[in-house]
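The chain that follows stands alone, in the form predicted on its own, written as structure tokens.
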């Protein structure tokens, strides 16, 4: 992975980071790296996520999914980090990403429509829940199970469970003798894409999970004490510095349809990890070149509170543009779609720079398993670095847990602090 911070420097951008400030920040990066390295060495909670390239056993995953390896489709039942990482991998790498569908919301129409459109006899189920009690996941799983039964399909022969050592899902898996995989110890869900949590669907559709882990391992091995030698830290340090200077929004804009889910995965990683103590960048999602015709107007001419992260693979498929046969379209003659998309990418960066708006470029050599592993791991390492620099608790999510307790209490009819807060929430209706 390659990082270019030129369009975020103070000489061209406002907010921007001048090179003297980067030099001073590099000393803090060195200290943060030492903390991160110590955390990895001790396998501490959260930091353990950065050890996954060495700890994840792809052979164990492949053995667990062997009973459903003939499946034409796979449906993941999970939420948040239990689903986003898995979908990010298959969307980026699968020849037919529609073979993997995700039920990560409890919208009843969406769930019904999704299940109705699947040949369940040819569809594997990957259910993921650490506690085995997550309300959304368990509710959807029960609906999925009933759908299989109603169509005369034995769901127990189609299911792989990834869960903790105890809880209702573990008990069910043991009762039904389901293939079961453990969750990695000390790894929050949003950091678990490179583990059993994120790789089961990829294994079922026979993607290169070994290559994915190898690419992540390359980045892990190259983490060092200077942002000038470590692309992951360069990205994190610049994002932190821009936030300090007023860039409270980080708009992630991949120039590859297959990376659209990556932007969604990044949004959870960045928001849930860093949105604490009154600080943290708000991640926004865009897609190049589509959103050059919509959101770019705001990023270039709106409030100066944003940085734009653009992402692309350097190698693309060749799809020639046919001769337009029209003089006014002669600029397209001899071009292909990849060249056009790269021209749009270059134009976006230049447009932002010309307007003095900060942008950071992330480039992959190509969009394959190894390079995707590099990208995912680098963004996780960057996120951990920002947490160290900002002095926030990167690996917790107290606001999320509050909402979970409130939802469970409402469903159970309990009288708790959370349910009372829900009942007393402000209202000013206009009908």
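The shown structure was predicted, so the numbers you read here are calculated from the model rather than taken from an experiment. Positions refer to the first chain, counted from 1. What we label the rigid core is the largest C-alpha set whose atoms superpose within 1.5 Å from one form to the other.
The next section is about a form of this same protein that is not shown, the form predicted together with another copy of the chain.
Residues placing heavy atoms within 4.5 Å of another copy of the chain in the model of the complex fall in a single listed stretch, namely 163-171, out of 163-171, 207-215, 120-128, 191-199.
The closest non-hydrogen atom of residue 271 lies within 4.5 Å of another copy of the chain in the model of the complex. Contact annotation for residue 134: at least one heavy atom lies within 4.5 Å of another copy of the chain in the model of the complex. Interface residue remark: residue 180 is not counted as part of the site for another copy of the chain in the model of the complex, having no heavy atom within 4.5 Å. Using a 4.5 Å cutoff between non-hydrogen atoms, residue 345 counts as a contact of another copy of the chain in the model of the complex.
Distance criterion of 4.5 Å from any heavy atom to another copy of the chain in the model of the complex singles out 79 from the list 153, 101, 79, 223. Residues are counted as partner-facing when one of their heavy atoms sits within 4.5 Å of another copy of the chain in the model of the complex; in 251-278 these are 256, 257, 258, 267, 268, 271, 272, 275, 276, 277, 278, in sequence order. Taking 2 Å as the criterion, residue 19 does not count as shifted between the shown form and the other one: its C-alpha moves by less than this amount when the rigid core is aligned.
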